[in-house]
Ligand SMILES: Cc1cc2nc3c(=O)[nH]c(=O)nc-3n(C[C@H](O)[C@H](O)[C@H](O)COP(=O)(O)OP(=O)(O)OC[C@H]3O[C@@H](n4cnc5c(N)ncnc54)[C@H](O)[C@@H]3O)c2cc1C
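Form predicted alone, single chain, as structure tokens, below.
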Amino acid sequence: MEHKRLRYRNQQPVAANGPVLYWMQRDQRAIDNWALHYAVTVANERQVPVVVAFNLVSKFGHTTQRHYDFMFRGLAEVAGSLEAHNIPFVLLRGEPIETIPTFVAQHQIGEVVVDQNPLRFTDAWREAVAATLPVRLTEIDAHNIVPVWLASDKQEFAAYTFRPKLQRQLKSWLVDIPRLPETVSRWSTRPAPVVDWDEVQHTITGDTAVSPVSWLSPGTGAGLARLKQFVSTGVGYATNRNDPNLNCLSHLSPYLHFGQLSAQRVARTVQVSDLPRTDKEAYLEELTVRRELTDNFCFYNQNYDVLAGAHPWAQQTLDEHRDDPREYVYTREQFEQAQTHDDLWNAMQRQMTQEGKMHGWCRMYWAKKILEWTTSPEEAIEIALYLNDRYELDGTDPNGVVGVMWSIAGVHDRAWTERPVFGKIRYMNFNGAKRKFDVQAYIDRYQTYDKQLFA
């Protein structure tokens, strides 16, 4: 079924005597990577070399030094792993519409392979590059277990409509991933230049105000170690995962976001682990159904990050209540500095800004309060996405987009009891949080935060 992971982004032919270029974007790993596996396989069939290029742009969303540090250290590991397979790794800098076609022309590339990402600006890169290439651009979904275009042929209303479609297909797609074949032809045009990652880090123009984290090490090796730790200690995930005071989560979302880990590898490892059945089922629901539903939403909905992308009922109810009085109204800067009247919300914001990760349940409460304390749902969405993408290690991702849109605009949810400001959007409050977990313990933890990040 491997061939169903791909789609062609143009109608150009393959130049069978030219090297295969894998333009790595979203899936930054040298193992368990269907896009790389395809590139090596077809290159071996044609007896031509394969080369991997990562294109670094000057601006990527709200990317900061925190994200670049995690990504660059992971890419350094990728480059070393590829070298062991006799595959050169090349770092390109600039706009892909210029760098990729230039590289293709310089090295007489015969086919370009790229991984899938449903976000608008990355898809626009692939579309623009495909239109200029003289050879075929082949896109591979190496991020989802079931390719996004096969999991469903439309935007799904909610998890309950998506789940049966996905689960029927998981039986065929959730298999062991083969080892990367050895390359039969070496890249001999000229040696790929060794990337000085420290120099790259120092010359990048990203936001340096948000510093890297120390509690989580990047890269595939570190991600696999985290996965091993989770399957040996994750007992109780089903019942305890919504308590932010309990460290029962896998902490794998940054590795999945950067593609340093394959979701398929994670799922297979959890499947065959000794975790109790209820914990396996709960985790796999989050990893497969909920996670791949977010790609479905962004893939089929071009308005995925604005109110116009929400269900009609949600747009209507928010519009009807947009002029409701707000007891509190805060600016983006006040939110960013955790300067609200709500100590719980402030603690959540501090966790995110300092650790680069907020507990999943907290992120729902956090985003809903932004809706309650801003002048419009449009402003709430904009602020929540800005903060999420700037501080979360897994920011600028369909998961974050849908998390915000679920919380503020009812995406993948239903209408609830009507109330001021929220209309029929699901409501969450401080008393509800107190019924979930020890709120004061959580507040105390982030009031006395002393830079010693949890392990």
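Only a predicted model underlies this, so the values are computations on that prediction, with no experimental measurement involved. Numbers follow the displayed sequence, beginning with 1.
There is another form of the same protein, the form predicted in complex with this ligand; it is not shown, and what comes next is about it.
J.: Go through 249-257, 171-179, 118-126, 315-323 and give me the stretch that gets within 4.5 Å of this ligand in the model of the complex, heavy atoms only.
T.: It is the stretch 249-257.
J.: State yes or no: in the model of the complex, is some non-hydrogen atom of G395 no more than 4.5 angstroms from a non-hydrogen atom of this ligand?
T.: Result yes; G395 sits at the interface with this ligand in the model of the complex.
J.: Can you tell me if R265 lies within 4.5 angstroms of this ligand in the model of the complex, counting non-hydrogen atoms only?
T.: Judged by the heavy-atom cut-off of 4.5 Å, R265 is well away from this ligand in the model of the complex.
J.: Within 4.5 Å, heavy atoms only: does G360 come near this ligand in the model of the complex?
T.: Looking in the model of the complex, residue contacts with this ligand include G360, since a heavy atom lies within 4.5 Å.
J.: Under a 4.5 Å heavy atom criterion, is E286 part of the interface with this ligand in the model of the complex?
T.: The answer is yes: E286 has a heavy atom within 4.5 Å of this ligand.
J.: Could you tell me which one of H107, K280, R136, R290 places a heavy atom within 4.5 Å of this ligand in the model of the complex?
T.: Contact check passes for R290.
J.: May I ask you to choose, among Q28, T63, N55, N399, the residue with a heavy atom within 4.5 Å of this ligand in the model of the complex?
T.: In short, N399.
J.: Each of Y237, A367 and G403 having a non-hydrogen atom within 4.5 Å of this ligand in the model of the complex: is that the case here?
T.: Yes, because Y237, A367 and G403 each have a heavy atom that approaches this ligand to within 4.5 Å in the model of the complex.
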